[in-house]
Ligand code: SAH
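Quick setup: one chain, the form predicted alone, written in structure tokens, and binding and motion questions come after.
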């Protein structure tokens, strides 16, 4: 699809000595989940291979790309606000603006019809077309649209361009077949398809050679990974055996796909982190059925018990408050579930209707916003107390931490995470420590979100 952009002036071409061709500078903003972060790394690779350059500042760019999320209303609002911020730059010097990802896929008609300032709109399965569409927008003043979903695209041979550090993500599959009624992912990322495990292992080996110490395996329903005779447990253990990789995590799983072999892998392999993110969403059976979650409260708690029998494995979760027609008593069932499990941490959100979902078509969003917010607030406050109590119980104990870099609040402190994914902060007493090291820290204090300590004496 193309459309004349007679009001779009030519962008300034930036020439560099390192390239024989003219280069355009691209600035990318990423919203949403780790999968979006990984997709941005794929996009950088695809653009770099075609001679595009990059900048960390939108005001210096020839092209601004917003890689978007469609899961929650707040993400939508932030994208629209950022588009407004770039409107003046587009008028002044012909800035080319592209919207990528799930929001581009889910709201393609609304965005392309109403947002005349958007030059390129590309969904998650069409990133290979992005370089050509950007060149057309820059040089021929045409708008570009590529939002076809694919049954096969996994970007298998594309090596992401990462920004450095000790943590890296690898998408092992794309799409989702669950069709939870509140979720747009099956409509924005298509059906499930898994990558060849050999390609995943090659990518993991390359990451180890580049100095990365921790890998997180990604998928919308990561534990449903299947490729010939490979299941997710086999893949997880194989990645954990890659020399140089110290820790392996995975997200996001679905409670319906946890065979004993996967639980055993988490419990027994020393490099697979003893942490499972286990989204519950609700503690009430009627609401779970309306959500299309494929498990009951009883089945969820039985899985929790099976995990706890295998040892000290930290659990975190996702909760949605105020889903369609949720009553106070049904919300209380969620509170009781959280009291019974006592998660290490929880991501708690109020329900926001997403366009094109099953819930959006079939179930009225009838819980008042004030009640949603109040329910979220109650749960957050309760979970904060639980998390603080769990962290304070570690005072005096030694925990193993992967050093990631400077603490957010002070360059005089290090920051890292435990296996259970709890943030740890300590003073830089040992100057020989560097990012990527595994160090022992004695816990001296703990808040709801952070442990504080000092290096353990040998």
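Note that the structure is a prediction, hence the values are computed from the model and not measured. Numbering follows the first chain given and starts at 1.
Only in words, not in the display: the form predicted in complex with the ligand, which the text now covers.
Please run the contact check for residue 174 against the ligand in the predicted complex: heavy atoms, 4.5 angstroms, yes or no?
Result no; residue 174 lies far from the ligand in the predicted complex.
Any chance residue 98 has a heavy atom within 4.5 Å of the ligand in the predicted complex?
No, residue 98 sits far enough from the ligand in the predicted complex that none of its heavy atoms falls within 4.5 Å.
Would you classify residue 220 as touching the ligand in the predicted complex, given a 4.5 Å non-hydrogen atom cut-off?
Within the cut-off, so yes.
So in the predicted complex, does residue 250 come within 4.5 Å of the ligand, heavy atom to heavy atom?
Contact with the ligand, no.
Do all of 279, 320 and 352 end up near the ligand in the predicted complex, with near meaning a heavy atom within 4.5 Å?
Yes: each residue has a heavy atom within 4.5 Å of the partner.
Within 4.5 Å, heavy atoms only, one stretch in 137-145, 182-190, 260-268, 304-312 touches the ligand in the predicted complex. Which?
It is the stretch 182-190.
Which of 375, 293, 213, 297 has a heavy atom within 4.5 Å of the ligand in the predicted complex?
For this set of options, the contacting one is 293.
If you check 287, 338, 166, 71 against the ligand in the predicted complex, which one has a heavy atom within 4.5 Å?
Contact with the ligand in the predicted complex is made by 71 alone.
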